[in-house]
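Next comes just one chain, in structure tokens: the form predicted alone.
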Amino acid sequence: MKVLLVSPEVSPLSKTGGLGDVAGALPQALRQVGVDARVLCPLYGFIDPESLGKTRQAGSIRLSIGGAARRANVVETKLPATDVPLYLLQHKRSFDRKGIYSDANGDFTDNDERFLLLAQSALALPSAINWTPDVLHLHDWTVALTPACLNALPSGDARRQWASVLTIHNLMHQGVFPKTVLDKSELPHEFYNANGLEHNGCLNMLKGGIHHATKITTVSPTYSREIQEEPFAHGLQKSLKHRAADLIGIINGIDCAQWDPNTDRSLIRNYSIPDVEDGKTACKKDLLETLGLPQEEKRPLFFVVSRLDQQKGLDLLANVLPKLISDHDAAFALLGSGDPLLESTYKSISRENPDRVAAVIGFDEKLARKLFAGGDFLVVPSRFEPCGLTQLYAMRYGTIPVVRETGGLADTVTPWRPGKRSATGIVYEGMGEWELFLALEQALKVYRSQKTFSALRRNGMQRDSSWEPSAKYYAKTYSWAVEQRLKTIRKEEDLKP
């Protein structure tokens, strides 16, 4: 099976969140289960090709936006530290910038043309590299029109046999543009309808992908069900219910070699399951010193590593945090950035409680790793969470997640109940502050029982969070997509006069 993964970002070269992590880790996992996986991603201005080792100009491809010819070069290399072929789309006018989607002034005003170019390039690349895929695996709205481009090819074009798989990483981001973008896309006007690209009088790229892709995946089984109803559908429930038979939830994994407390150089002491208590005690002492908090190692430490926005439910946590630290002997740390109001709120709580709360605005991967190793409880009160990775990192490091029962959080954290031996964390229902506060108190109850606390730590560390199971599921999905696509093509041929 030959698969070309197309993504606007790929870690470690370009990344704004979980999408980049998936696009960087999944291809290598696929190759390990026998899939010839390759990646196509833009060559942004902040990527230095010379830093990638061996590269070569693989050729050029000709594209068209609104009838205007565009020529892009293809730089071939490997994803760092892997054997995954990586093709970087070089088009300076579109991608030679310091941001992926935006800069300090907001979203780039030409994002429609930039990502139409990337969507079209998936069909043009194979002829430049002399390699033909069986499946195009498209990631999120930026390349969601590729399946429509595929379906618009003339019947005699051999590329029509390629299957397409669209992965929705976050349904909130849909790529909505004025109807005039249809002419730029050069797609047939009949594609612009309620069962295609049109939505509320605009062109919706993600909706177009949902209707035209052979198969659709989300990054967790629960999220695949949640997005078929409001409020999680964000207006696309009819489209998703229409394609429900082809909608598959596959949980994300993590790179267990990169996230390993036994080898992580960021930690003052490495540890594994047999010495987790001693290892985490040493890491907690170092973490408290790094955060400038008192060396009260027996005080439970809750923490957050997150983007600060409404989706993550951190406004709810900010409202209950003062009560948590006043009613209980607990400490809290935050690492993240985003909503200016939330940033200000957490900095204010930290100033008012300097011996209990530390708020670090920004992102520091070394500090994030120290938090996963030295913290006791990761708090993830998300209103919705397509998958989430921080809870996987936390369990890998023997830290217990406290999560709301939604999306990938529900799929990856086994809830603690008295007597449940397989539990890995605290899982709560409801979106309110009171439900969150009760979950935090439940975590404190677990903390006071050394036997239970230790069991949850070890259970989390034993959980298989690797990409291998997911890669095997993707491989099956590709096979289903190819079979379905060929049936569709044969049916079209049979209907010809």
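Start at 1 and count along the sequence shown; that's the residue number. Everything numeric here is computed off the predicted structure, so don't read it as measured data.
The discussion below concerns the form predicted together with ligand ADP, not included here.
Annotated contacts: Asp364, Ala368 and Leu389 all touch ligand ADP in the predicted bound form [non-hydrogen atom within 4.5 angstroms]. Taking non-hydrogen atoms only, Pro12 never approaches ligand ADP to within 4.5 angstroms in the predicted bound form. Put simply, Asn111 is far from ligand ADP in the predicted bound form: not one heavy atom of it is within 4.5 Å. A residue is said to contact a partner when one of its heavy atoms sits within 4.5 Å of a partner heavy atom; Lys179 fails this definition for ligand ADP in the predicted bound form, lying far away. Ligand ADP is not shown here, and in the predicted bound form it never comes within 4.5 Å of any heavy atom of Pro147. A heavy atom within 4.5 Å of ligand ADP in the predicted bound form is found for exactly one of Phe377, Phe115, Tyr393, Trp416: Tyr393. This chain appears without its partner; in the predicted bound form, the one residue of Ile268, Ala410, Leu335, Ile325 with a heavy atom within 4.5 Å of ligand ADP is Leu335. The candidate stretches are 310-318, 351-359, 71-79, 269-277, and the one lying within 4.5 Å of ligand ADP in the predicted bound form by heavy atoms is 310-318. Contacts between stretch 272-297 and ligand ADP, counted in the predicted bound form as any heavy atom lying within 4.5 Å, involve no residue at all.
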